[in-house]
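For reference, the chain that follows is the form predicted alone, supplied as structure tokens.
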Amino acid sequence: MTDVMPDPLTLAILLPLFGAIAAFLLPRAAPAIGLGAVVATAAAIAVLGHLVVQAGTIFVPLGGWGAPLGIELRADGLALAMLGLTALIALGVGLGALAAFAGETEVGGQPMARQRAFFWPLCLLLLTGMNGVYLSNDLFNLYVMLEVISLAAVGLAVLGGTVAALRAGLAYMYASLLGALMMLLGVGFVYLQTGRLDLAGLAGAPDSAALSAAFGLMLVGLALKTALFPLHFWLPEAHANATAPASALLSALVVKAGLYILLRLAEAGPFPGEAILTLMGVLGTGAVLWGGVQALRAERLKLLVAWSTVAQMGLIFVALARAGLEGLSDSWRAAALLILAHAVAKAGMFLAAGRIKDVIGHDRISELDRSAVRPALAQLAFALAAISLIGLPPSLGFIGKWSLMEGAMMAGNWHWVAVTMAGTLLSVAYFTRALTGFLRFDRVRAPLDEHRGWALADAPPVVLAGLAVGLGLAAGPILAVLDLGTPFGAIP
């Protein structure tokens, strides 16, 4: 722990916040402001990374008032990895949004200029909340930042302006409000029991029924916000009916905030009892199976990708449950790797699906082979992202899944191995539906086999999907970053 200047930590939160305000006030300059704010935030994170590498864990009390009275920011390897991931995805999706929202024609229910004007303030507000969650070191600040994320996410979900998007956004808002209520009740119970809300104080709290109830309430709230089965009702339609850049942010980033908070709660401890952890594993298994089956039945490409998010969130919850039950640091690292792998791959996949829909004119899976125009690079990006989400080598998804299964096999927990393999086989099945649609070609109904050339809109999904595969080759350095400050060493 080293006392350093607060600039990098506070700038990682304030830069996107000020950028969101500026983009809202100057809508014509919103794209330039948005990209500039993302790049500036990435630069602040790079400086912070240098400090974390030197010091391990950094604590910064805002205004000179530290815990338990004041607000204290904290950065370690886990926070740094999530900050870097978020900046990378925000930059990639932002570049994709430049092409997706180009022109003035009306798409869905909103003119393109209006979508472009509102996307950037919402994107930057989301970046503010995400970075705030990663750097927060007390439960109430985590709650506040989680609500900032929800506010931006609901706005992004309804950005398309269609009836379906508005209906899905309303369901998302109701789920988010209920999740916020559960989270706030849990935070209140913790304060009544311990008299403080900082995570360090929570680590020293004795086990009690009230504290277990608090964790249970927070877990329900976070399960709603991360769409854990059977509380996933809002996610498929919200992600499938949003614009492609919004869907990429919702799936890659928003649902990760709750997972990150669970990791921090596990680090602080005492983590929920065995019964709650077992239930979490059972619900995760249900999500893997139900999400996979629904993805197999999906008629639209974006809906397939959205249902796959439900399944993959379930697998991450299985990893968290196994880690909590067995108390092994390697299990927590596997969960963190799965979070990182899913975020990068899903951002690339949603951008690719949106690009395919824009070029072909629809995303009906049964008719993907009837188009006379072939968005070949977008299809390549979709396939690369699928490789990581399925868990094929050398992708980062493979490293995460293998770490999970290896630990389960060594512990003799073959049921977790079976769940992981079942999810993998289902993902092979539903992604194959889309990939075979790309390869088939009906020469009677679509006689013109035109392969669309390279365009700016193809670059972000290809790069993100390529990273999802290539980062598996850098798993060693990624794990080294995750271990800075030994965040997982503190987990029992």
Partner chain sequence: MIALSQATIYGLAGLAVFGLGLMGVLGAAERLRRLIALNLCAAGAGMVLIAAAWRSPPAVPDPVPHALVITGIVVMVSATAVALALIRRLHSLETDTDD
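Computed from a predicted structure; not experimentally measured. Numbering follows the first chain given and starts at 1.
There is another form of the same protein, the form predicted in complex with its partner chain; it is not shown, and what comes next is about it.
Of the candidate stretches 126-134, 143-151, 235-243, 299-307, only 143-151 has residues whose heavy atoms lie within 4.5 Å of its partner chain in the model of the complex. Contact check for L259: no non-hydrogen atom falls within 4.5 Å of its partner chain in the model of the complex. Interface membership of L177, defined by any non-hydrogen atom within 4.5 Å of its partner chain in the model of the complex, is confirmed. With a 4.5 Å cutoff on heavy atoms, A411 does not count as touching its partner chain in the model of the complex; it lies far away.
Although the partner is absent from this view, H415 stays clear of its partner chain in the model of the complex, with no non-hydrogen atom inside 4.5 angstroms.
Site annotation in the model of the complex: the residue of V158, I356, A321, V254 reaching within 4.5 Å of its partner chain with a heavy atom is V158.
Residue-level contacts in the model of the complex: of L88, M182, M280, L202, one residue has a heavy atom within 4.5 Å of its partner chain, and it is M182.
The partner is not shown here, and in the model of the complex the stretch 219-240 never reaches within 4.5 angstroms of its partner chain through any heavy atom.
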